[in-house]
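This document starts with one chain, in the form predicted alone, laid out as structure tokens.
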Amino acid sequence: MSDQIQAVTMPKWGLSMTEGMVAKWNAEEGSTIHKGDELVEIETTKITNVYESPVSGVLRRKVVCEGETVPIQALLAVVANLDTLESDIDDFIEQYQSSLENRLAVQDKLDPSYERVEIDGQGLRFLRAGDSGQIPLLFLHGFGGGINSWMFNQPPLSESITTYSLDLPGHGESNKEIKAGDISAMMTSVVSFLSSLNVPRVHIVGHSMGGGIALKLSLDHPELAKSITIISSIGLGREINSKYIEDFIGANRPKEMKSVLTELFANNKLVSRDMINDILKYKRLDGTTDALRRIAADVFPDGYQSLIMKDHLSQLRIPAQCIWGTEDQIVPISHTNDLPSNIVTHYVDGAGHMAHMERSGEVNRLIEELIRGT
């Protein structure tokens, strides 16, 4: 019977996550659940998000109660057939709990670690996860973001494909001294990054400013791109929420930063104290503010986008899709109007500018489907 019993465990979102709290169960014991259902809300020190069920079956046992905090890999629930004996479930739980320490030790050994590479004298930090012989996947974050922007996307997608995320020039723990902050300059850094790792071709996922970089790379270096997914991307129209850009650069206190970050999400409860503190910590690094101002001046001069590529997108000869949160307050959703027919557009209800965080399961499925289609 043990082969009919499936475990639902505490996920690991980002390298720094060690535990999570079950905030709310969205299913009752005895109910039938399907893979992808929003099963449980999990709160971490950085963010609260919905964990989608990784399995299908009957929710036979909740092992962790609402309000309880447990380590990653801890058993949250048991899914099994209706005819599975309660005694078999009891045995499964006991065996799992007794092996948790060993599971955590294995997890610690398997966790990837941050790496650095020098590109033309410029240090870039990146994270490589997964190990497959397929064409890898590259994540490119938005203005003011970093590797952690992909905490809900890189771990699950790296289970089937090698993935790379990096701190773009001027961001995260990459060098803050930049000669130019425009899209072309950052695209050149990304191309050099791939060359330094001997990666000849990638699937690209770009968010916001990272989407603009992804589009530019796909147009200028079509030999490097196998497919492209852009999420609330720049490069499709002139307008941008320039006040958000200015406020993000200028915010130096928790209250100010919280007010700014809530504009990114449809659900502002996702903005946690640790998220705010992490961004303020990054902004206090030497050279960060100057780098952000340089990038903003080059990419968003006079409060408008400097590079519009919509008229050139019909030239793309690779699978391409555009994903947009219906409640985006940063880049107008109207920029998706009149996209060429070779760009498939998906709208994510109830998500803001950070659809890949707010509706990670849906976005991850779209990315996986596009990659499989290639």
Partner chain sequence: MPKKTFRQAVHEALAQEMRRDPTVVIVGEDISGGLGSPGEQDAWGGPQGVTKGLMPEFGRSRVLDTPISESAFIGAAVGAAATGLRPVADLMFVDFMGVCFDQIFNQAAKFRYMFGGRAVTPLVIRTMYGAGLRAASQHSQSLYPVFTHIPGLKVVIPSSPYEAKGLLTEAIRDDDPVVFFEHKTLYDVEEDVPDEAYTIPFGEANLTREGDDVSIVAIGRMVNLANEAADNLQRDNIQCTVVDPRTTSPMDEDTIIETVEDTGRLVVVDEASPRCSIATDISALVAERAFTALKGPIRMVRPPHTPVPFAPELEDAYIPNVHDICEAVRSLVGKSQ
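All values derive from a computational prediction rather than experimental measurement. Numbering follows the first chain given and starts at 1.
Omitted here: the form predicted in complex with its partner chain. The next part is about that form.
Query raised in the report: Out of Lys243, Arg253, Arg238, Arg201, which one falls within 4.5 Å of its partner chain in the model of the complex, going by heavy atoms?
Result: Contact residue from the list: Arg253.
Requested in this report: Please pick, from Lys281, His221, Lys179, Lys269, the one residue with any non-hydrogen atom lying within 4.5 angstroms of its partner chain in the model of the complex.
Outcome: Checked against the cut-off, the match is Lys281.
Query raised in the report: Taking Glu29, Arg61 and Gln97 together, does each of them reach its partner chain in the model of the complex with some heavy atom inside 4.5 Å?
Result: Not one of the three qualifies.
Query raised in the report: Does at least one non-hydrogen atom of Tyr114 fall within 4.5 angstroms of its partner chain in the model of the complex?
Result: Judged by the heavy-atom cut-off of 4.5 Å, Tyr114 is in contact with its partner chain in the model of the complex.
Requested in this report: Report whether the minimum heavy atom distance between Ser208 and its partner chain in the model of the complex is within 4.5 Å.
Outcome: Looking in the model of the complex, residue contacts with its partner chain do not include Ser208, since no heavy atom lies within 4.5 Å.
Requested in this report: May I ask you to check whether Ser174 falls inside a 4.5 Å heavy atom distance of its partner chain in the model of the complex?
Outcome: Ser174 belongs to the contact set for its partner chain.
Query raised in the report: Taking heavy atoms only, is Arg125 within 4.5 angstroms of its partner chain in the model of the complex?
Result: Yes, contact at 4.5 Å.
Query raised in the report: Counting only heavy atoms and a 4.5 Å cutoff, which of 79 to 87, 158 to 166, 281 to 289, 228 to 236 contacts its partner chain in the model of the complex?
Result: Checking each option against the 4.5 Å cut-off leaves 281 to 289.
Query raised in the report: Mind listing which residues of 256 to 282 have a heavy atom within 4.5 Å of its partner chain in the model of the complex?
Result: Result: Arg273, Asn277, Lys281.
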